[in-house]
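As a starting point, one isolated chain is supplied in structure tokens, in the form predicted on its own.
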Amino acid sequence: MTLLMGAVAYDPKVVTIWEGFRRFLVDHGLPFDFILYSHYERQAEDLVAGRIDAAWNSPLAWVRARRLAGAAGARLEALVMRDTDRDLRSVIVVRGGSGVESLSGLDGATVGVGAVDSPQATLLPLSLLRNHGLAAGTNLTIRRFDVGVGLHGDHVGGERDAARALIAGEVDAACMIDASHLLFAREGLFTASSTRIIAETEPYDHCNMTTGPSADPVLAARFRELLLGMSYEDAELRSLLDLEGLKTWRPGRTSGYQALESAVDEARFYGEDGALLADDYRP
């Protein structure tokens, strides 16, 4: 019996990462293989249907898989997550010379967001705005940058385009994860004084490794044990861990997804049974 995991090929490095991890896992006695998906929706469906045993899920994919599993009476477990998946924030940014000091100053403004299915650059920031009385079609104009739709924001393409539009004066504010704001400054897109954060979301969690109803409990436990045991001091693993953006795996938790669950409901993105509701979402 082999533990079969799904991962979304949002970048060519995904192949390098999981080929390397596969060698490590097999060398340590775990029968393991993986398959790649072009988007998260099919991966979530296949996990709940038992066509794969585990899925390296985005936060939005976790929300959908959890809802699909609830409707099917199936059990999922958030097995592990990266140290970098915990307690993240999204930010709403304006130009440094803007007179906007708080969210109330965005009444009537144009706000740039990421792709339609990006938790960090669209769903969560729009929920924050909505909770402050600012909504598309009422007192906000939303300009969406649909890069990599279906990848659930597992890239910075849409966020970078929104940031460029902000600097160019095409939007009054832009939404992104805080790490992207720092990245864009390092890249030179922002200077020290060219942007200013006026609001941030509450902390939330990002990806998790989810096991599904077909996962053999013994293999799943060994999978968890081996991932948690990966050491950044291991020279052969370090480059793979760097590519995957972590130094250590941590036990999975689900307490950090409540804000995204609420944002999904507010936007009518998924139904309670995991059905795709968003009219303009075509992965």
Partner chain sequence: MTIDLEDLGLDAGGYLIVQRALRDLPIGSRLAVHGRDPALRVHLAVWSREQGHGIDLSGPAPTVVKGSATTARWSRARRAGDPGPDGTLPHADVRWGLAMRGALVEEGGPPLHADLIDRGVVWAEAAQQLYQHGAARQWNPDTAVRWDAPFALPSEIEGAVVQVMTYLVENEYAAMQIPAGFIARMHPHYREVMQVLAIQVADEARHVEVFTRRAMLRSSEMGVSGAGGRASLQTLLDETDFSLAAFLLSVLGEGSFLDLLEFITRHAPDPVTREVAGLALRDERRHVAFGMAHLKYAADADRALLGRLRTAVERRHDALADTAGLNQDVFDSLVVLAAHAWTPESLRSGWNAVQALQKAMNEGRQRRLVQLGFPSDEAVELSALHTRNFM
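These numbers were taken from a predicted model, which means no experiment stands behind them. Numbering follows the first chain given and starts at 1.
The discussion below concerns the form predicted in complex with the partner chain, not included here.
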query = If contact means any heavy atom within 4.5 Å, which of 45 to 53, 31 to 39, 234 to 242, 216 to 224 contacts the partner chain in the predicted bound form?
reply = 234 to 242
key: Complete contact of Glu77, Met209 and Leu228 with the partner chain in the predicted bound form (any heavy atom, 4.5 Å)   = no
ask   = Would Glu200 count as a contact of the partner chain in the predicted bound form, using a 4.5 angstroms cut-off between non-hydrogen atoms?
value = yes
Exercise: His155 in contact with the partner chain in the predicted bound form, heavy atom 4.5 Å = no
inquiry  = Under a 4.5 Å heavy atom criterion, is Asp178 part of the interface with the partner chain in the predicted bound form?
reply    = yes
query = Should Val116 be classed as touching the partner chain in the predicted bound form when contacts are defined as heavy atoms within 4.5 Å?
reply = no
task = Using heavy atoms only and a 4.5 Å cut-off, determine which of Val111, Val94, Val91, Leu129 is in contact with the partner chain in the predicted bound form.
result = Val91
message = Exactly one residue in Ala135, Ala185, Val100, Ile167 has a non-hydrogen atom within 4.5 Å of the partner chain in the predicted bound form; which is it?
response = Ala185
task = Let me know which residues along 23 to 38 have a heavy atom within 4.5 Å of the partner chain in the predicted bound form, or say none if there are none.
result = none
